[in-house]
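Shown next as structure tokens: one chain only, the form predicted alone.
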Amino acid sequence: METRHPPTPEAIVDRFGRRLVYLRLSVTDRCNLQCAYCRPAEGVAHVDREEILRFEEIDRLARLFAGMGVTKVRLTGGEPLLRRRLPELVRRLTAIPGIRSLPMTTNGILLEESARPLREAGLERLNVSLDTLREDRFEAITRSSGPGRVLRGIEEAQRAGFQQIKVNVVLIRGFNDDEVFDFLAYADARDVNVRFIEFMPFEGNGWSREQFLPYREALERITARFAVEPLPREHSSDPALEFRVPKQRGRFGFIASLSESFCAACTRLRLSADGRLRPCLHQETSVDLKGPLRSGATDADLARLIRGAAHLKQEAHPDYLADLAGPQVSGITMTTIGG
């Protein structure tokens, strides 16, 4: 049974007793790729630049969240490396008391030139999205070229001092599920952690039951070839089920968002690039923080809004696999909420 945290006066706690200590912070809604599972083929409307949170606004909100018990802030996008002067923001956030973890999720296209300045600014951990190691498939899914750029970016990040880089792979049956062992070999060769993510339904991403590969089936393929060792979770709220192949470097894991939901242990809130606080990845409901922030709201006012958003958090996302009609999540695209 999931352990419930006793609330402190500052804590953000939802209706189900979950203490929310993890903020996913989108710094831009723009991306330099057009991944098919992330955004509709016709594209998305971007937020006007003046509507994007400024660094000083992000700094103020992050300090407020930290004062309310948030200890982990993950930088996301869109593609966060498109945000100008990102190392400056990293330095601001790493200086905030209470924030103990500041990772970033990136597609890696700009990582080769960005890794060292970000590491020197204080960023310590990276998740890199890479769904295929093959050029033709990379072009098919991202509508761009360049798995080589991503791989070089990972190598440069390791040289810059990043440890335990995680490579996120969305598994799609009939597209890249035959690359599972290629990614395990890559994890061993580069000493990285590969995490296979179940394909989730979002607006316009073409999800279908036929393309969905449950984590247990993928794990069975691996255990048919290798003896694997399950690894304990570092924290009860960690979404990944992790394993290692003895005598090989790196780890591999699964994020089973659909087949084995981890909602009961969720500790996350999501702040969009234009300042809307979303309590759940699969929930269209959001609360505007930017408007009150720019209208002179006090920290107490903003804290009330944050707690109000937390109380809108669902107990669990819908059981999409039970929807035989083929589910879609109306109005929600991954690129607008930062994953």
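Computed from a predicted model, the values in this text were never measured in an experiment. Residue numbers run from 1 along the displayed sequence.
This protein has a second form, the form predicted together with S-adenosylmethionine, left out of what is shown; the following refers to that one.
- The closest non-hydrogen atom of M200 lies within 4.5 Å of S-adenosylmethionine in the predicted bound form.
- In the predicted bound form, at least one heavy atom of C31 sits within 4.5 Å of S-adenosylmethionine.
- Contact check for S114: every heavy atom lies farther than 4.5 Å from S-adenosylmethionine in the predicted bound form.
- Of the heavy atoms in L86, none are within 4.5 Å of S-adenosylmethionine in the predicted bound form.
- For the marked spot (T105, V170 and N205), a heavy atom within 4.5 Å of S-adenosylmethionine in the predicted bound form is present in each of the three residues.
- Partner contacts here mean any heavy atom within 4.5 Å of S-adenosylmethionine in the predicted bound form, and among 208-216, 185-193, 75-83, 261-269 they occur only in 75-83.
- Contact annotation: of the candidates C38, L277, C280, L61, the single residue with a non-hydrogen atom within 4.5 angstroms of S-adenosylmethionine in the predicted bound form is C38.
- Think of it this way: in the predicted bound form, S-adenosylmethionine has a heavy atom of just one of T132, T142, S129, S237 within 4.5 Å, and the residue is S129.
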